[in-house]
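Encoded as C-alpha coordinates, the following chain is the form predicted alone, with no partner shown.
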(Lines give C-alpha, C1' and ligand atoms only; values in the text may rest on other atoms or scores of the structure.)
Protein backbone atom coordinates (compact mmCIF):
# COMPACT_ATOMS: atom_id res chain seq x y z
CA UNK A 1 0.00 0.00 0.00
CA UNK A 2 1.18 3.51 -0.80
CA UNK A 3 2.80 5.00 2.32
CA UNK A 4 0.83 8.25 2.06
CA UNK A 5 -2.47 6.38 1.78
CA UNK A 6 -1.53 4.13 4.69
CA UNK A 7 -0.73 7.15 6.87
CA UNK A 8 -3.99 8.89 5.98
CA UNK A 9 -6.05 5.73 6.62
CA UNK A 10 -4.61 5.53 10.12
CA UNK A 11 -5.45 9.19 10.77
CA UNK A 12 -9.01 8.82 9.44
CA UNK A 13 -9.60 5.74 11.58
CA UNK A 14 -8.27 7.55 14.66
CA UNK A 15 -10.70 10.44 14.20
CA UNK A 16 -13.70 8.53 12.86
CA UNK A 17 -13.54 10.06 9.38
CA UNK A 18 -13.19 6.84 7.34
CA UNK A 19 -16.12 7.90 5.13
CA UNK A 20 -13.68 10.14 3.24
CA UNK A 21 -12.10 7.02 1.77
CA UNK A 22 -15.39 6.34 -0.03
CA UNK A 23 -14.75 9.43 -2.11
CA UNK A 24 -11.12 8.46 -2.67
CA UNK A 25 -12.19 5.07 -3.96
CA UNK A 26 -14.71 6.65 -6.34
CA UNK A 27 -12.08 8.81 -8.04
CA UNK A 28 -10.87 7.35 -11.33
CA UNK A 29 -7.63 9.10 -12.23
CA UNK A 30 -4.41 8.81 -10.27
CA UNK A 31 -3.96 12.61 -10.31
CA UNK A 32 -7.37 13.11 -8.73
CA UNK A 33 -6.58 10.56 -6.06
CA UNK A 34 -3.25 12.16 -5.20
CA UNK A 35 -4.81 15.65 -5.07
CA UNK A 36 -7.50 14.32 -2.76
CA UNK A 37 -4.94 12.71 -0.45
CA UNK A 38 -2.91 15.92 -0.42
CA UNK A 39 -6.01 17.88 0.60
CA UNK A 40 -6.57 15.45 3.48
CA UNK A 41 -3.03 16.05 4.69
CA UNK A 42 -3.80 19.75 5.14
CA UNK A 43 -6.67 19.09 7.56
CA UNK A 44 -6.15 19.38 11.30
CA UNK A 45 -8.42 16.48 12.29
CA UNK A 46 -7.90 17.10 15.99
CA UNK A 47 -9.15 20.66 15.51
CA UNK A 48 -12.20 19.37 13.62
CA UNK A 49 -12.92 16.93 16.45
CA UNK A 50 -12.61 19.70 19.05
CA UNK A 51 -14.86 22.05 17.09
CA UNK A 52 -17.52 19.38 16.73
CA UNK A 53 -17.43 18.66 20.45
CA UNK A 54 -17.85 22.38 21.17
CA UNK A 55 -20.91 22.46 18.93
CA UNK A 56 -22.67 20.44 21.62
CA UNK A 57 -21.77 22.83 24.45
CA UNK A 58 -24.03 25.56 25.77
CA UNK A 59 -22.79 29.17 25.32
CA UNK A 60 -20.81 30.42 28.30
CA UNK A 61 -21.44 34.16 27.92
CA UNK A 62 -24.19 33.99 30.55
CA UNK A 63 -21.47 33.78 33.20
CA UNK A 64 -19.62 36.83 31.89
CA UNK A 65 -19.67 40.20 33.61
CA UNK A 66 -20.76 42.71 30.99
CA UNK A 67 -20.24 46.46 31.48
CA UNK A 68 -20.45 49.57 29.27
CA UNK A 69 -17.21 50.81 27.73
CA UNK A 70 -15.91 54.35 27.37
CA UNK A 71 -15.81 56.02 23.96
CA UNK A 72 -14.88 59.33 22.37
CA UNK A 73 -17.53 61.08 20.28
CA UNK A 74 -15.81 62.55 17.23
CA UNK A 75 -18.57 65.14 16.79
CA UNK A 76 -18.10 66.42 20.37
CA UNK A 77 -14.35 66.95 20.25
CA UNK A 78 -13.37 70.55 20.92
CA UNK A 79 -11.47 72.43 18.21
CA UNK A 80 -8.29 72.06 20.25
CA UNK A 81 -8.78 68.31 20.77
CA UNK A 82 -9.63 67.75 17.12
CA UNK A 83 -6.58 69.71 16.00
CA UNK A 84 -4.27 67.83 18.37
CA UNK A 85 -5.47 64.38 17.29
CA UNK A 86 -5.38 65.32 13.62
CA UNK A 87 -1.79 66.55 13.89
CA UNK A 88 -0.69 63.35 15.64
CA UNK A 89 -2.44 61.13 13.11
CA UNK A 90 -1.30 63.11 10.10
CA UNK A 91 2.30 62.82 11.23
CA UNK A 92 1.98 59.03 11.41
CA UNK A 93 0.37 58.78 7.97
CA UNK A 94 2.88 61.07 6.28
CA UNK A 95 5.70 59.04 7.83
CA UNK A 96 4.39 55.98 5.95
CA UNK A 97 3.34 54.11 9.09
CA UNK A 98 -0.22 53.23 7.97
CA UNK A 99 -1.42 50.29 5.87
CA UNK A 100 -4.97 49.39 4.88
CA UNK A 101 -6.47 45.90 4.76
CA UNK A 102 -9.77 45.23 3.01
CA UNK A 103 -11.57 41.94 3.61
CA UNK A 104 -13.04 41.01 0.23
CA UNK A 105 -13.35 37.22 0.19
CA UNK A 106 -17.07 37.08 -0.51
CA UNK A 107 -19.13 36.77 -3.65
CA UNK A 108 -22.01 39.09 -4.57
CA UNK A 109 -24.55 36.27 -4.62
CA UNK A 110 -26.93 37.90 -2.13
CA UNK A 111 -26.97 40.99 -4.33
CA UNK A 112 -27.85 38.96 -7.42
CA UNK A 113 -24.34 39.58 -8.72
CA UNK A 114 -22.10 36.99 -10.32
CA UNK A 115 -18.54 37.60 -9.21
CA UNK A 116 -16.63 39.05 -6.25
CA UNK A 117 -18.68 41.44 -4.14
CA UNK A 118 -16.16 44.20 -4.71
CA UNK A 119 -16.85 44.13 -8.46
CA UNK A 120 -20.53 44.97 -7.88
CA UNK A 121 -21.80 48.12 -9.66
CA UNK A 122 -23.40 50.29 -6.97
CA UNK A 123 -25.72 51.92 -9.51
CA UNK A 124 -24.18 55.38 -9.56
CA UNK A 125 -24.26 57.48 -12.73
CA UNK A 126 -20.54 56.71 -13.07
CA UNK A 127 -21.23 52.94 -12.76
CA UNK A 128 -18.37 52.64 -10.33
CA UNK A 129 -17.87 49.29 -8.66
CA UNK A 130 -17.36 49.01 -4.92
CA UNK A 131 -13.66 48.38 -5.53
CA UNK A 132 -13.35 51.58 -7.56
CA UNK A 133 -15.14 53.57 -4.86
CA UNK A 134 -12.68 52.24 -2.25
CA UNK A 135 -9.73 52.94 -4.53
CA UNK A 136 -10.91 56.54 -4.99
CA UNK A 137 -10.57 57.01 -1.24
CA UNK A 138 -6.97 55.78 -1.26
CA UNK A 139 -6.05 57.76 -4.39
CA UNK A 140 -7.26 60.92 -2.66
CA UNK A 141 -5.41 60.08 0.57
CA UNK A 142 -2.20 59.35 -1.32
CA UNK A 143 -2.34 62.83 -2.83
CA UNK A 144 -3.35 64.54 0.41
CA UNK A 145 -0.69 62.94 2.59
CA UNK A 146 1.98 62.69 -0.12
CA UNK A 147 2.81 59.08 0.66
CA UNK A 148 2.12 55.63 -0.72
CA UNK A 149 -0.28 53.74 1.54
CA UNK A 150 0.09 49.96 1.13
CA UNK A 151 -3.25 48.27 0.44
CA UNK A 152 -3.71 44.58 1.22
CA UNK A 153 -6.83 42.91 -0.15
CA UNK A 154 -7.91 39.62 1.38
CA UNK A 155 -9.63 37.42 -1.20
CA UNK A 156 -10.66 33.76 -1.13
CA UNK A 157 -9.93 30.68 -3.22
CA UNK A 158 -13.33 31.29 -4.78
CA UNK A 159 -12.76 34.86 -5.96
CA UNK A 160 -9.02 35.54 -5.93
CA UNK A 161 -8.42 35.05 -9.64
CA UNK A 162 -11.44 37.14 -10.65
CA UNK A 163 -10.49 39.91 -8.21
CA UNK A 164 -6.90 40.16 -9.45
CA UNK A 165 -8.04 40.16 -13.09
CA UNK A 166 -10.59 42.90 -12.32
CA UNK A 167 -7.88 45.17 -10.92
CA UNK A 168 -5.51 44.40 -13.78
CA UNK A 169 -8.19 45.02 -16.39
CA UNK A 170 -8.94 48.42 -14.84
CA UNK A 171 -5.28 49.36 -14.32
CA UNK A 172 -5.83 49.38 -10.55
CA UNK A 173 -8.12 52.41 -10.96
CA UNK A 174 -5.16 54.75 -10.86
CA UNK A 175 -3.57 53.40 -7.68
CA UNK A 176 0.05 52.15 -7.92
CA UNK A 177 0.15 48.42 -8.55
CA UNK A 178 3.23 48.20 -6.31
CA UNK A 179 1.07 49.33 -3.39
CA UNK A 180 -1.56 46.59 -3.80
CA UNK A 181 -1.09 43.07 -2.44
CA UNK A 182 -3.62 40.24 -2.59
CA UNK A 183 -3.74 37.39 -0.10
CA UNK A 184 -6.23 34.61 0.61
CA UNK A 185 -8.56 33.96 3.50
CA UNK A 186 -8.32 30.68 5.40
CA UNK A 187 -10.91 27.90 5.30
CA UNK A 188 -12.18 25.12 7.53
CA UNK A 189 -14.01 21.90 6.66
CA UNK A 190 -17.79 21.81 7.08
CA UNK A 191 -19.12 18.87 9.05
CA UNK A 192 -22.40 17.04 9.41
CA UNK A 193 -24.44 16.90 12.61
CA UNK A 194 -22.70 13.58 13.26
CA UNK A 195 -19.28 15.26 13.06
CA UNK A 196 -18.37 13.84 9.63
CA UNK A 197 -16.41 16.00 7.18
CA UNK A 198 -18.46 16.57 4.04
CA UNK A 199 -17.58 16.23 0.36
CA UNK A 200 -18.77 18.98 -2.01
CA UNK A 201 -20.32 18.67 -5.46
CA UNK A 202 -16.87 19.01 -7.06
CA UNK A 203 -15.77 15.91 -5.17
CA UNK A 204 -13.45 17.83 -2.89
CA UNK A 205 -13.47 18.50 0.84
CA UNK A 206 -16.35 20.88 1.53
CA UNK A 207 -14.87 23.98 3.12
CA UNK A 208 -16.10 27.40 4.19
CA UNK A 209 -14.28 30.63 4.98
CA UNK A 210 -13.06 30.74 8.57
CA UNK A 211 -14.63 34.15 9.35
CA UNK A 212 -13.12 37.61 9.47
CA UNK A 213 -11.31 36.66 12.67
CA UNK A 214 -9.19 34.30 10.57
CA UNK A 215 -7.53 37.31 8.98
CA UNK A 216 -4.73 37.37 11.54
CA UNK A 217 -3.66 33.79 10.83
CA UNK A 218 -3.95 34.49 7.09
CA UNK A 219 -1.80 37.61 7.36
CA UNK A 220 0.89 35.58 9.10
CA UNK A 221 0.63 32.52 6.84
CA UNK A 222 0.60 34.56 3.62
CA UNK A 223 3.60 36.69 4.63
CA UNK A 224 1.64 39.93 5.01
CA UNK A 225 2.91 40.57 8.54
CA UNK A 226 6.51 40.27 7.36
CA UNK A 227 5.85 42.53 4.38
CA UNK A 228 4.40 45.18 6.70
CA UNK A 229 7.41 44.93 8.99
CA UNK A 230 9.72 45.36 6.02
CA UNK A 231 7.80 48.52 5.05
CA UNK A 232 8.04 49.74 8.69
CA UNK A 233 4.27 49.85 9.08
CA UNK A 234 3.02 50.52 12.62
CA UNK A 235 -0.75 50.93 12.17
CA UNK A 236 -3.15 48.79 10.14
CA UNK A 237 -6.74 49.69 9.36
CA UNK A 238 -8.89 46.59 8.78
CA UNK A 239 -12.33 46.94 7.23
CA UNK A 240 -14.86 45.09 5.10
CA UNK A 241 -15.29 45.56 1.38
CA UNK A 242 -18.98 46.45 1.54
CA UNK A 243 -18.90 49.84 3.31
CA UNK A 244 -18.78 52.49 0.58
CA UNK A 245 -18.36 55.35 3.10
CA UNK A 246 -15.45 53.76 4.94
CA UNK A 247 -12.63 56.09 6.05
CA UNK A 248 -9.59 53.82 6.22
CA UNK A 249 -7.18 56.76 6.34
CA UNK A 250 -8.40 58.69 9.38
CA UNK A 251 -5.86 60.81 11.26
CA UNK A 252 -8.32 61.29 14.14
CA UNK A 253 -8.59 57.54 14.80
CA UNK A 254 -4.82 57.14 14.57
CA UNK A 255 -4.23 60.22 16.71
CA UNK A 256 -6.63 58.92 19.36
CA UNK A 257 -4.85 55.55 19.41
CA UNK A 258 -1.40 57.11 19.75
CA UNK A 259 -2.48 59.57 22.44
CA UNK A 260 -4.39 56.88 24.37
CA UNK A 261 -1.41 54.53 24.12
CA UNK A 262 -3.56 51.60 23.01
CA UNK A 263 -2.72 48.76 20.64
CA UNK A 264 -6.06 48.90 18.84
CA UNK A 265 -9.10 51.07 18.22
CA UNK A 266 -12.54 50.70 16.72
CA UNK A 267 -15.17 52.98 15.23
CA UNK A 268 -18.75 52.85 16.44
CA UNK A 269 -22.08 54.33 15.47
CA UNK A 270 -25.08 54.72 17.75
CA UNK A 271 -27.58 51.88 17.52
CA UNK A 272 -30.59 52.91 15.47
CA UNK A 273 -32.78 51.58 18.28
CA UNK A 274 -32.39 49.28 21.32
CA UNK A 275 -33.55 46.26 19.31
CA UNK A 276 -31.26 46.74 16.28
CA UNK A 277 -29.51 43.44 15.59
CA UNK A 278 -25.89 44.54 15.83
CA UNK A 279 -22.94 43.69 18.03
CA UNK A 280 -21.93 46.42 20.47
CA UNK A 281 -18.70 47.37 22.18
CA UNK A 282 -18.53 46.61 25.89
CA UNK A 283 -16.28 45.32 28.64
CA UNK A 284 -16.49 41.58 29.25
CA UNK A 285 -14.95 40.52 32.54
CA UNK A 286 -13.04 43.79 32.60
CA UNK A 287 -11.57 43.51 29.09
CA UNK A 288 -12.61 45.22 25.85
CA UNK A 289 -15.01 43.15 23.80
CA UNK A 290 -17.98 43.10 21.47
CA UNK A 291 -21.18 41.44 22.59
CA UNK A 292 -23.59 40.06 20.01
CA UNK A 293 -27.20 41.22 20.02
CA UNK A 294 -28.25 37.67 20.90
CA UNK A 295 -26.22 37.87 24.11
CA UNK A 296 -27.81 41.05 25.48
CA UNK A 297 -30.90 40.74 27.61
CA UNK A 298 -33.86 42.98 26.64
CA UNK A 299 -33.28 44.91 29.88
CA UNK A 300 -29.63 45.59 29.03
CA UNK A 301 -30.53 46.64 25.49
CA UNK A 302 -32.97 49.25 26.82
CA UNK A 303 -30.76 50.50 29.66
CA UNK A 304 -29.66 54.15 29.48
CA UNK A 305 -27.09 56.28 31.29
CA UNK A 306 -27.58 59.61 33.08
CA UNK A 307 -27.52 61.57 29.82
CA UNK A 308 -30.16 59.37 28.21
CA UNK A 309 -27.70 57.49 25.96
CA UNK A 310 -27.99 53.72 25.54
CA UNK A 311 -25.47 52.07 27.86
CA UNK A 312 -24.87 49.41 25.22
CA UNK A 313 -25.34 51.51 22.10
CA UNK A 314 -21.93 51.59 20.44
CA UNK A 315 -22.37 49.41 17.33
CA UNK A 316 -19.31 47.64 16.00
CA UNK A 317 -19.11 48.47 12.28
CA UNK A 318 -15.99 46.46 11.35
CA UNK A 319 -13.81 49.56 11.05
CA UNK A 320 -10.82 48.78 13.25
CA UNK A 321 -7.28 50.00 13.67
CA UNK A 322 -4.62 47.63 14.99
CA UNK A 323 -1.00 48.27 15.79
CA UNK A 324 1.28 45.82 14.01
CA UNK A 325 2.38 44.67 17.47
CA UNK A 326 -1.20 43.64 18.24
CA UNK A 327 -1.54 41.82 14.92
CA UNK A 328 1.67 39.90 15.55
CA UNK A 329 0.39 38.90 18.99
CA UNK A 330 -3.08 37.85 17.85
CA UNK A 331 -1.77 35.99 14.79
CA UNK A 332 -0.01 33.59 17.14
CA UNK A 333 -3.22 32.94 19.09
CA UNK A 334 -6.25 30.78 18.40
CA UNK A 335 -9.37 32.92 18.55
CA UNK A 336 -12.52 31.05 19.53
CA UNK A 337 -14.64 29.68 16.71
CA UNK A 338 -18.34 30.43 16.56
CA UNK A 339 -20.72 27.85 15.12
CA UNK A 340 -23.22 28.49 12.35
CA UNK A 341 -25.79 25.88 11.29
CA UNK A 342 -26.16 26.05 7.50
CA UNK A 343 -27.69 24.30 4.51
CA UNK A 344 -24.92 22.56 2.60
CA UNK A 345 -25.01 20.44 -0.54
CA UNK A 346 -22.83 17.36 -0.26
CA UNK A 347 -21.99 13.99 -1.81
CA UNK A 348 -23.31 11.08 0.26
CA UNK A 349 -21.67 7.69 0.82
CA UNK A 350 -23.20 6.35 -2.40
CA UNK A 351 -21.83 9.20 -4.50
CA UNK A 352 -25.15 11.01 -4.85
CA UNK A 353 -25.54 14.79 -4.56
CA UNK A 354 -27.77 15.73 -1.64
CA UNK A 355 -29.56 19.10 -1.68
CA UNK A 356 -30.99 19.65 1.81
CA UNK A 357 -34.12 21.74 2.42
CA UNK A 358 -33.07 22.69 5.94
CA UNK A 359 -29.75 23.30 7.78
CA UNK A 360 -27.67 20.16 7.97
CA UNK A 361 -24.05 21.19 8.51
CA UNK A 362 -21.83 23.13 10.87
CA UNK A 363 -19.66 25.99 9.67
CA UNK A 364 -16.99 27.46 11.96
CA UNK A 365 -16.03 31.12 12.00
CA UNK A 366 -13.68 33.26 14.08
CA UNK A 367 -14.73 36.87 14.69
CA UNK A 368 -12.22 39.67 14.42
CA UNK A 369 -13.56 41.43 17.50
CA UNK A 370 -12.68 38.46 19.71
CA UNK A 371 -9.11 39.71 19.36
CA UNK A 372 -10.01 42.70 21.53
CA UNK A 373 -10.18 40.54 24.64
CA UNK A 374 -6.46 39.78 24.33
CA UNK A 375 -5.73 43.50 24.74
CA UNK A 376 -5.67 45.51 27.95
CA UNK A 377 -7.51 48.48 26.48
CA UNK A 378 -9.22 49.70 23.33
CA UNK A 379 -9.96 53.20 22.05
CA UNK A 380 -13.43 53.67 20.57
CA UNK A 381 -14.32 56.57 18.31
CA UNK A 382 -18.01 57.22 17.80
CA UNK A 383 -18.69 58.53 14.28
CA UNK A 384 -21.83 59.50 12.38
CA UNK A 385 -23.67 56.82 10.43
CA UNK A 386 -24.40 59.21 7.54
CA UNK A 387 -20.70 60.03 7.20
CA UNK A 388 -18.96 56.69 7.60
CA UNK A 389 -21.30 53.72 7.31
CA UNK A 390 -23.09 52.72 4.12
CA UNK A 391 -22.95 48.91 3.90
CA UNK A 392 -24.05 46.87 0.89
CA UNK A 393 -25.25 43.54 2.26
CA UNK A 394 -28.78 42.77 1.07
CA UNK A 395 -30.40 42.89 -2.37
CA UNK A 396 -33.16 45.18 -1.07
CA UNK A 397 -34.38 46.83 2.10
CA UNK A 398 -31.96 47.62 4.92
CA UNK A 399 -28.25 47.85 3.98
CA UNK A 400 -29.02 47.40 0.29
CA UNK A 401 -27.51 49.03 -2.82
CA UNK A 402 -30.40 51.49 -2.71
CA UNK A 403 -29.73 52.65 0.86
CA UNK A 404 -25.95 52.68 0.38
CA UNK A 405 -26.29 54.62 -2.87
CA UNK A 406 -28.42 57.28 -1.16
CA UNK A 407 -26.00 57.63 1.75
CA UNK A 408 -23.08 57.85 -0.66
CA UNK A 409 -24.76 60.49 -2.82
CA UNK A 410 -25.96 62.54 0.16
CA UNK A 411 -22.52 62.54 1.72
CA UNK A 412 -20.69 63.56 -1.44
CA UNK A 413 -23.25 66.23 -2.35
CA UNK A 414 -22.42 68.07 0.89
CA UNK A 415 -18.69 68.17 0.27
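Numbering follows the first chain given and starts at 1. All values derive from a computational prediction rather than experimental measurement.
There is another form of the same protein, the form predicted together with a small molecule; it is not shown, and what comes next is about it.
Considering non-hydrogen atoms and a 4.5 Å limit, which listed residue (219, 330, 130, 104) is close to the small molecule in the model of the complex? Of the listed residues, the single hit is 104.
Could you spot which one of 212, 97, 74, 206 gets a heavy atom to within 4.5 Å of the small molecule in the model of the complex? For this set of options, the contacting one is 212.
Quick one: 16, 190 and 350 and the small molecule in the model of the complex, is every residue within 4.5 Å by at least one heavy atom? Not a single listed residue reaches the small molecule in the model of the complex, so no.
Look up in the model of the complex whether residue 117 has a non-hydrogen atom within 4.5 angstroms of the small molecule, and give yes or no. Residue 117: yes, in contact with the small molecule in the model of the complex.
Does the 4.5 Å heavy atom contact test between residue 240 and the small molecule in the model of the complex come out positive? Judged by the heavy-atom cut-off of 4.5 Å, residue 240 is in contact with the small molecule in the model of the complex.
is_contact(residue 185, the small molecule) in the model of the complex, heavy atom dist at most 4.5 Å: It does: once the small molecule is placed as it appears in the model of the complex, residue 185 has a heavy atom within 4.5 Å of it.
Counting only non-hydrogen atoms and a 4.5 angstroms cut-off, does residue 228 reach the small molecule in the model of the complex? Close contact is absent here: in the model of the complex, residue 228 is far from the small molecule, nothing within 4.5 Å, heavy atoms only.
Heavy atoms within 4.5 Å of the small molecule in the model of the complex: which stretch in 261-269, 305-313, 104-112, 244-252 meets that? Stretch 104-112 is the one.
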